[in-house]
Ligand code: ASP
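The chain below stands alone and is given as structure tokens, in the form predicted alone.
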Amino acid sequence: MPVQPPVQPPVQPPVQPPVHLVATGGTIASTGFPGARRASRDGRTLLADAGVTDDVEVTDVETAGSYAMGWDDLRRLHAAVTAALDAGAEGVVVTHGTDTMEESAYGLDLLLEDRRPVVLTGAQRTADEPGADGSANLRAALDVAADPEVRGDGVLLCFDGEVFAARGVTKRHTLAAGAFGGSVVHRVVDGRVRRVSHPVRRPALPLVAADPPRVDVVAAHHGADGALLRAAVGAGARGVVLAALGIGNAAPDVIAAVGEAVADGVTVLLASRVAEGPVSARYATGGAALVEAGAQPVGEMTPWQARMLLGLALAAEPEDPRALLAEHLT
């Protein structure tokens, strides 16, 4: 009787680690204390510094400060996050400089439809500085990204044990470990993720290959006129975000410049330079006049995030972004 060959077990595909790390640099990747700091550590080094022994896949997009980032960096970051999710990651952590982390977080939130967690984190102190906070922030972000209860919350920002919704998060201190404020969605306590609130998700915007048209932020201030707003339009801006005074006010010549810009086809969004609270057309010669001139209030969104929204909306619908904006300004 012929001998039957042994039955070979089916080949199992490699197990995809549950969380993927996308590293971009920033203070968390920097050393040089007490002198000039420079980003130099890659993602694998950050994991080792944090004592992470789990098998985490790593993509190094760049190792730089976020103060130099632009639209191309957002596209490359989006591509790296999307590739990690397409490969089967259950969540993605992005290490990022804090200077523009709020813009990148909101930009990704505007562009991603996937329900799996994407969590940005970083540090206020370099790895070789007393009181370095990067490793603790990274471990907390990994816990958040691996938690199935976080699915559907959109892009998040994890810092100093608090987890914020991308929309509305803002850096509020240049040095403190608790650098960010906004809508708290979770807290990380003793390694456990505890829900605080449920963020509202809005439809994703399409990502186009070309850079968005120029969008500038112009701040109102005591004694301001419309010169800077007119200069932005003269420089080619197709969108302007006015960081207005108080609840959304500005001087008469600024209001006149807004009306001129809108008449020339420039989209103007009305935000406030104040850190917290909404804008409103409360005052007849202030916010009400700005709205009558064509400015569109952005609610409680920061000027910097309003610029991100307006740029991506203009890139997708350069002739008339009003419908896309309406979905995100309510």
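Nothing here was measured: the structure is a model prediction, and the numbers come from that model. Start at 1 with the first residue shown and count on from there.
The following text describes the form predicted in complex with the named molecule, which does not appear among the structures shown.
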query	finding
Residue among T170, T98, S104, N249 with a heavy atom within 4.5 Å of the named molecule in the predicted bound form	T98
Answer range among 297-305, 280-288, 261-269, 63-71 for contact with the named molecule, defined in the predicted bound form as heavy atoms within 4.5 Å	63-71
Any non-hydrogen atom of A123 within 4.5 angstroms of the named molecule in the predicted bound form	yes
Neighbours of the named molecule in the predicted bound form among 21-47 [non-hydrogen atom within 4.5 angstroms]	G26, T27
